[in-house]
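Next comes just one chain, in structure tokens: the form predicted on its own.
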């Protein structure tokens, strides 16, 4: 459903949020290791997240990535997905067809519209804080 970049971006943002809640900055290398992503690919994803105001990037010997603690509760999963994949997930065809709508639907169109709408609602209502807290207290994990 999400691109690989988006999957890594969600995991990276959650990890950065956990560290930020502890007032820690985290390095590119540490993030890449934690989310099991190649360093160069992770760098491009983090650049997109920083450009969209999701995370903050700090250069220098004490640099790294972090999220302002006051922003962690206001950032929604939808914001992260939008920063990396845009909104195509909410309008694209379930089978990937160029032209698919109610007038000329693909075989899964009618069922996929409902799934897409429910996904959008879930993404808009799920906060980064909620996801980071689940990870912090051990209810969830980022890799197996």
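All values derive from a computational prediction rather than experimental measurement. Between two forms, the rigid core is the largest collection of C-alphas that superpose within 1.5 Å. Positions refer to the first chain, counted from 1.
Keep in mind the form predicted together with another copy of the chain is missing from the figure; the text below concerns it.
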Indicate whether another copy of the chain has at least one heavy atom within 4.5 Å of a heavy atom of residue 111 in the model of the complex.
yes
Do residue 1 and another copy of the chain come within 4.5 Å of each other in the model of the complex, heavy atoms counted?
yes
State yes or no: in the model of the complex, is some non-hydrogen atom of residue 95 no more than 4.5 angstroms from a non-hydrogen atom of another copy of the chain?
yes
Check whether residue 118 has any heavy atom within 4.5 Å of a heavy atom of another copy of the chain in the model of the complex, and answer yes or no.
yes
What stretch, of 102-110, 48-56, 63-71, 22-30, brings heavy atoms to within 4.5 Å of another copy of the chain in the model of the complex?
102-110
What are the residues of 46-80, in order along the chain, with a heavy atom within 4.5 Å of another copy of the chain in the model of the complex?
77
Return yes or no for residue 92: a CA shift of at least 2 Å between this form and the one not shown, with the rigid core superposed?
yes
Does superposing the core leave residue 113 with a CA shift of 2 Å or more between this form and the one not shown?
yes
